[in-house]
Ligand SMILES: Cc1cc2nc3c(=O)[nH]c(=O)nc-3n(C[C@H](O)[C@H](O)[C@H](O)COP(=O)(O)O)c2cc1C
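Below you'll find only one chain, the form predicted on its own, shown as structure tokens.
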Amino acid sequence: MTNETKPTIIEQRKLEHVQIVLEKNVEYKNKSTGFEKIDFEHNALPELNFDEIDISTNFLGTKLQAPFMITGITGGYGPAQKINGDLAAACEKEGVVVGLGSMRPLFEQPELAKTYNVRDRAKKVFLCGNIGGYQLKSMNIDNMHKVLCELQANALCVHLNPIHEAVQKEGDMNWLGVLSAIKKACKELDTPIIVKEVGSGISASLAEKLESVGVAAIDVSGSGGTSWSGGVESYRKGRPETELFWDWGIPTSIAVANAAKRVKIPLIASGGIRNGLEVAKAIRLGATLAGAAAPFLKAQNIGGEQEIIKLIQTWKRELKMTCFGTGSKNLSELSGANLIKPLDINEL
């Protein structure tokens, strides 16, 4: 974006979102993901060769090197082109999933398409487009299909963020008809639909509804990581209620565990995931993938593609170490690994 070009309201908002996440502490204040309350039972004799542990997985028909996803971060303003390109290139090299930020600006200003187009740098990466559930209500399905084809997207994430919208001065408040719009998109688009929250969580009852209308996967995106409704919008000077909703949401661990009991489609655990051990805990609770945005945005800001690769590789090793410590030769075995139960004095 040049100095002579004044950004639109949406472009400015996207830029501010990224800047705030990079520069301010917008993590949940008094609510955690809940993963710190979960401990694996240590296996002191794993009978495994660490180098032979397999952390690959299959997701929506694609084999991945590891069960990771860099969830949607940005798009729709100049610098986003470099950010998305670095993220996608790193994910392709490491065999994991990458998501784009909301594509709403693309539909309103088609010239911004270049900030989302990453295929020149990552021809084979599993790529997820992104649109808000609110915007999907008025979206022309043919136009959406055209955009997804142009981006060569493997899936479309539909994000739900009602509380985030409610605390924004410019937020979208009429959410009637969003579920019907998701159902229509699932029926009319060839691209699989992933429904995700943005940090407040998806309940088990909603997960059931989403599965019933044809959603291919769900990203629970629970509380415990970046607080958009409280943290980010507080710095953007949102509505007076912003601070009140800083810690609003379902903790990620609870959202995953509850949804896993009720649905059969793949679950993605995001919202405060910060290392490979937490990825392992998410898989143990029933997730197929685990994702994050903020850590990888910060890595990109520090050192571009190479710093992102380093972080992914660190998470891979931490996940393998957890497999090693539980005696799990692959993710299937990890999903059934023993947990340490809280001590019950009556059992002594």
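Don't overthink the numbering: it's just position in the shown sequence, from 1. It should be emphasised that the depicted structure is a prediction, and the values quoted were computed from it without experimental measurement.
Same protein, other form: the form predicted together with this ligand, not shown, and the subject of what follows.
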{"property": "Output flag, 97, 275 and 312 jointly within 4.5 Å of this ligand in the predicted complex, heavy atom basis", "result": "no"}
{"property": "In the predicted complex, residue 197 touching this ligand (heavy atom, 4.5 Å)", "result": "yes"}
{"property": "Exercise: residue 229 in contact with this ligand in the predicted complex, heavy atom 4.5 Å", "result": "no"}
{"property": "Any non-hydrogen atom of residue 210 within 4.5 angstroms of this ligand in the predicted complex", "result": "no"}
{"property": "Residue 293: touches this ligand in the predicted complex, heavy atom cutoff 4.5 angstroms", "result": "yes"}
{"property": "In the predicted complex, the one of 88, 73, 267, 202 near this ligand [non-hydrogen atom within 4.5 angstroms]", "result": "73"}
{"property": "Contact stretch among 58-66, 41-49, 303-311, 285-293 - heavy atom within 4.5 Å of this ligand in the predicted complex", "result": "285-293"}
{"property": "Contacts with this ligand in the predicted complex, stretch 10-37 (heavy atom within 4.5 Å)", "result": "14, 17, 18, 21"}
